[in-house]
Structure formats: structure tokens, C-alpha cells
Ligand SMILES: C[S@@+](CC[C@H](N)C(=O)[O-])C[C@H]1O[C@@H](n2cnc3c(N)ncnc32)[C@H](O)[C@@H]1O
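Next up: a single chain in C-alpha cells, the form predicted alone.
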Amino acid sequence: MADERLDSGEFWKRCIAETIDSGEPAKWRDSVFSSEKPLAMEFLGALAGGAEVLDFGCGLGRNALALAERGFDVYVCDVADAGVRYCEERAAADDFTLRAVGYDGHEIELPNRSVDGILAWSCLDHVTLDWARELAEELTRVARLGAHLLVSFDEDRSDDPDSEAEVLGDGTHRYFSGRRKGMLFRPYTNDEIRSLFETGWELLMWEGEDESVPRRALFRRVE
């Protein structure tokens, strides 16, 4: 990670700041739980009342707030501090509390085995493969035995006509021009997604047939 070109944190900080300034967050109210998809409902049903849940890569907080509204004790972290602050402000306005935790893009400032649930929605595919493996280990570290993990990987949209990218040796696309300038995106196969969590986790549910659609998976911590 010494090569600063491989850190897309600045892209997300800019993206979230611009979204907040434009007033767009009002359009982001629907959470991943709003449609009541079986996988998302299974995740919610696996959590006891008052469970501690980490929204990893919380963005503008639509999912974190939905979890808080359901009575969970929610931690939020993101490389974009503006997004975390926006999450906290939205929660406070609705009389909920979100707990911000430090995150530098690599380490999460939580103790070992400290959360009962983790949501990692469309974030692990925005780093290099080695970095994703590192983050998967970090998520494993903070998960309690029996914790549930809900992950999402976007469909392959790497061929963006509005942005130019170089393809790195591991298949990651690093965009250097256009609307995605500064962003990393790595298309994943189903086997690659499963391999990120093959140690310490049991796969419970899966959504998405191939790389042309988002893939979503629910895991349970077993070791």
C-alpha cells in the first residue's frame, strides 16, 4: 500500500463531500433493508435485540440509521470523515445514536471479537485484491463467535465509457480520468468472494448468479 495511487480514500472523501453539498443525501434514504429481501431479513433476524453491529464503509449512513431504528447498537466507520459526521448528525436528528470508530483504510479501532454483526456493502470491491484480503481479516478479527456478516459486491461495471483506467496485475481497475478519477474497482468472481471469507466463516445464503449482477452473501463466524 505504499503506492498512494492505490488508495482511493481521497476519491470517496470527495464524492461524499460533493454529494452532501449538492443536497443529494435526501435521495439516499432507502436502506438495503427497505425492500425486505430474504438475505437482508435473515441478517436482521439473526441479531438479538440490542446487538452491536458495525456498518463498515458506512457512506452517508442509510444502512446504519436503518439498523439503529431497529434497536441495534450501531458502530460506523468510513475513510470519508464527512460521511461519518453526516451519519451522526442524521441519527441525532432522529433521536438515535451512532458510534463512530476510527478507521484509516486498514485498521478498525475496535477490540477483538467485539461485534455481533457486520455490514460491508459495496466496499471491498473498491480496493485491490490484497487489500480486500487484509480487510477481510480485520472484519474477522472484530467479529464475535456466532456473529453474522452481510457483504455486497457490485456487478462488473469496470468498462466505463466516461472514465479511463489502467488494469493492475490483480485485475483491479484504477481510474485516472473522467468521473471515476481516483477510484479503484475490482470485478470479482463468485469463488473469489467466497475465498475472502473461507477462514473462520460459514456461508449461509447467497444472491446473484454471475458477474453481471450484484452478488450478496451472508456468513456466520464459526471459529
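Every value quoted in this text rests on a predicted model; they were computed, and no experiment measured them. So that there is no doubt, residue numbering starts at 1 and follows the sequence shown.
What comes next is about the form predicted in complex with the ligand, which does not appear here.
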Query raised in the report: Any idea which of 142 to 150, 79 to 87, 110 to 118, 92 to 100 reaches within 4.5 Å of the ligand in the predicted bound form, heavy atoms considered?
Result: 79 to 87
**Report entry** Contact flag, F56 vs the ligand in the predicted bound form, heavy atom cut 4.5 Å
**Finding:** yes
Query raised in the report: Would R180 sit within 4.5 Å of the ligand in the predicted bound form, counting heavy atoms only?
Result: no
Query - the ligand contact at C123 in the predicted bound form, heavy atom, 4.5 Å - result: yes
**Report entry** Interface membership of R62, the ligand in the predicted bound form, 4.5 Å heavy atom rule
**Finding:** yes
**Report entry** All of A136, G200 and F219 with a heavy atom within 4.5 Å of the ligand in the predicted bound form
**Finding:** no
